[in-house]
Structure formats: structure tokens, C-alpha cells
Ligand SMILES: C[S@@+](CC[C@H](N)C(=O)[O-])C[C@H]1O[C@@H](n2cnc3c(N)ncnc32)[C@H](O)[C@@H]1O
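One chain comes next, on its own, written as C-alpha cells: the form predicted on its own.
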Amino acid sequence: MKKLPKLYTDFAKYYDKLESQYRDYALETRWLEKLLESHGCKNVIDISCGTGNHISGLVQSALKVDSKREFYAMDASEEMVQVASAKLRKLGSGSEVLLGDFLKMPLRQSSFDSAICMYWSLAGLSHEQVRALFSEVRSILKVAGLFVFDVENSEGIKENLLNEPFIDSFFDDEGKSVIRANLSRKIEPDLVDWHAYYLFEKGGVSELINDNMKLKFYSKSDLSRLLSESGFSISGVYSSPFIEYREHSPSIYFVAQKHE
């Protein structure tokens, strides 16, 4: 397993505060619920659950209506698993969160009828790794199993957010002030070098920490081809939950199904 960025490890406890402005988890949860319901899904696994916002939202909704749907989750970061597990325990859910790499999933073949992979989890993957991921997902799904994921759109890269630093997070946590500044540069047409600078200040003492990752953007046509080659048929493509795909949107949401 490759070394993960600090955002997913050292700063996992801050993740929700750092990233909350970029996601409407409630909207995405409602959309996922509609998809799961319309496809008659009985068990779902989040294969890159992060801090568990999607899976905990789905579990909470299911508990309200006494749904018998089963939920599972997995992440490659031990720190993320700890945060996600705490959220599910707080809900009184028996759902389990596993530690594992989604490129080599420790799961039985054909054991799920649905899998989700949200919040641009493919961003750090090469084309070869995306193929490997799709193959892994196909192996754990039953025939006609649902696969839902989203990516950053290579046709929707916002040039105005590149090459200039900007502060996107500022908050206090247990007497410590946390500030994050982002600086991203496009090094290839579909590859962005993302740098974040975290300033921690407590009791007059400051600490500056750097974090970095390469963000791979994918196009609708690229992923459609990779899905087809991997044994999936595409049920829908969206720019955001409930919104059909529009060219140059920042994100792409795919809904696909395993075929025989």
C-alpha cells in the first residue's frame, strides 16, 4: 500500500472541518438512497469511506425507516477507519469498517449487490490502477450489481483555482487554531500537483506542515471506455446528484452495473 497524504492520516481528525465546504453529503445521501432503492439493493459497501459521511448518512436513514439493508465500509487509512467507526458506533449500528486497499480488497467474490466509491477517490490513480480497481469491484459484485462513483472532470478543471494560493479552511479545535492554504498547479492537461500548507497555532507556538498529492482528472469518455472494458454497463452519468451530465462540469458521477 502506497504512502497516503497527511490529509488522510495525520489530519484525519480534522478532515470533516477541512473538506465540508466541498460536499453536500445530505444531498448525495438522498441520491444514493434513491439509486439503492430503485435497484433493489440489499447490501452495500463503501470501498473508500474516508471519515464515513456517506455510509453513516445511509445507515442513519435506514435506521429511521427500519430498513433491512446491510451496510459495510472500508478504507486504506487506519485513521480514517477509526473516525468512521466512531460515527457508526454513535448511531448504534452494527456496520463494520474494514482496513483495506480497494485495489486488493479482502472481500469474497460476488458478495455484494452494490458498491459506492465517493469523493473523487480515483483522483490518485493511473489508468492502469483504475482498470485494477474496476476489476476488483466487479469481482465483489453479484451480476447486475450496482457501482456508483464520482471523479474530477478533466474537461472541467477550473483554471482560476490554479497557480495562486488561497485559504479554504480556518477553525479552532481544542484550543488550537488551524489554517489551510492550497496551491495547485497543472503539470499535465489532466494532472494537477496539489499542495496544502497547514498552519497550527496553540499558546503562541506555530507549526507549518506541508502536504502534497497528484490529482488525476478523468473524462467521461475515458471512464466510459474503461468501465465497458472492465465488464460494466453504464446506467447513468451525472454532473451532480439528480442532475444529468453537462459538459465541463467540475465533477462526473457514474452509475454502472456489472454484466455477465
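Numbering starts at 1 and follows the sequence shown. Quick caveat: nothing in here was measured; it's all calculated off a predicted structure.
Separately, the form predicted together with this ligand exists; it is not shown, and the next lines address it.
A.B. asks: Quick one: from D173, E155, D101, D168, grab the residue that has a heavy atom within 4.5 Å of this ligand in the model of the complex.
C.D. replies: Selected residue: D101.
A.B. asks: Pick from F112, F134, Y119, Y72: which residue has any heavy atom within 4.5 angstroms of this ligand in the model of the complex?
C.D. replies: Contact with this ligand in the model of the complex is made by Y119 alone.
A.B. asks: For the three residues Y8, Y25 and H54, which mark the spot I'm curious about, does each lie within 4.5 Å of this ligand in the model of the complex through at least one heavy atom?
C.D. replies: The answer is yes: all three residues contact the partner (heavy atom, 4.5 Å cut-off).
A.B. asks: Answer for S184 alone: is it within 4.5 Å of this ligand in the model of the complex, judged on heavy atom distances?
C.D. replies: Residue-level check for S184: no, no contact with this ligand.
A.B. asks: Just to confirm, Y14 within 4.5 Å of this ligand in the model of the complex by heavy atoms?
C.D. replies: Y14: no contact with this ligand in the model of the complex.
A.B. asks: How about S95: is it within 4.5 Å of this ligand in the model of the complex, going by heavy atoms?
C.D. replies: Looking in the model of the complex, residue contacts with this ligand do not include S95, since no heavy atom lies within 4.5 Å.
A.B. asks: Should I47 be counted as a contact of this ligand in the model of the complex, where contact means heavy atoms within 4.5 Å?
C.D. replies: Yes, I47 lies within 4.5 Å of this ligand in the model of the complex.
A.B. asks: Partner absent here, but in the model of the complex, which of 176-184, 73-81, 159-167, 138-146 has residues with a heavy atom within 4.5 Å of this ligand?
C.D. replies: In short, 73-81.
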